[in-house]
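This document starts with one chain, in the form predicted on its own, laid out as structure tokens.
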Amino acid sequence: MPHKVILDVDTGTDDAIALMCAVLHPDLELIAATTVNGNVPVVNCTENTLRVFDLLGVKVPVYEGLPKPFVRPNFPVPRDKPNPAHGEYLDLPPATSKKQGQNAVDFLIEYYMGPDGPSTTLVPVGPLSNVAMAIRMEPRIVERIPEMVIMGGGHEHGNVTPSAEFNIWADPEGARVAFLSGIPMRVVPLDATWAARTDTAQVEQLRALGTPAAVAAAAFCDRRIQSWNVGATAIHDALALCAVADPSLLVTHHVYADVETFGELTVGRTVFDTHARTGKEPNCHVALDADREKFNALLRDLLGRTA
């Protein structure tokens, strides 16, 4: 039986590749996508998500979630222009399909409190605002989610500040609620996603496959590589999604993890207690390395398929 997943996304370019992998992976069943404010405003995230599913010719329910962080009125530093790695909208035709009428938070609560909840992994690959709000509104949900596989955080470095990765920085209070919830977690930070990076030669291998998914993914990777100008890109969210079906993609350590919400220089930093300094019981399996060749081979296999 395929492994059921719900993807909570802030769809820019790497979320788009994760969505395509979720649809095309033979061992995964994508139940729904929920969107959250992050890489782009939530209305753009929803439109981008629908564009991806239209490209693949599939119907997956899309629920729009929170337009702002869990507690804060905005990011720690408000967005002033689009991130060049994502732009405002994906370079795909405008969506013809429509989002669901129900709010994403209400959907998550209803789904996980229902009969299929305990068999469905939640994969948040954007800010954790929707997750935190669902926990606040229905605390019993923490007993119903069998596992969260979170893309977020960094141990050795950040990408939006020297200390913080974007997803956690964008809503540190929401992230802290999720991290300390007691829900079983695997966390896939920048350490693992950059270890599994995709370079320009691998992007050309994707493009050569010629399928709609592979051609679109190659274009998204081109944009990401050009924005950073380092000859490679980390496809962060796709790695987290693919690890649901194949945990061997990651090298994990069982540690206690928490999130800094106040530091002037460190707000949004994920603190992974890799040396057991806190004396607290481990609450997550954090990936500090990943199998690059295996991940890129899997991307070629998945994105070379059609739905």
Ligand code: RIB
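Heads up: residue numbers just count along the shown sequence, starting at 1. Since we're looking at a predicted model, the values are computed, not measured.
Heads up, the form predicted in complex with ligand RIB isn't pictured, but that's what we're talking about next.
With the partner omitted here, the stretch from 137-145, 201-209, 232-240, 173-181 that lies within 4.5 Å of ligand RIB by heavy atoms in the model of the complex is 232-240. At a distance threshold of 4.5 angstroms between non-hydrogen atoms, Val131 is out of contact with ligand RIB in the model of the complex.
Although the partner is absent here, Asn48 is not a contact residue: none of its heavy atoms lies within 4.5 angstroms of ligand RIB in the model of the complex. The shortest heavy atom separation between Thr34 and ligand RIB in the model of the complex exceeds 4.5 Å. Interface membership of Asn39, defined by any non-hydrogen atom within 4.5 Å of ligand RIB in the model of the complex, is confirmed. Annotation for 1-25: interface residues with ligand RIB in the model of the complex are Asp10, Asp14, Asp15 [heavy atom within 4.5 Å].
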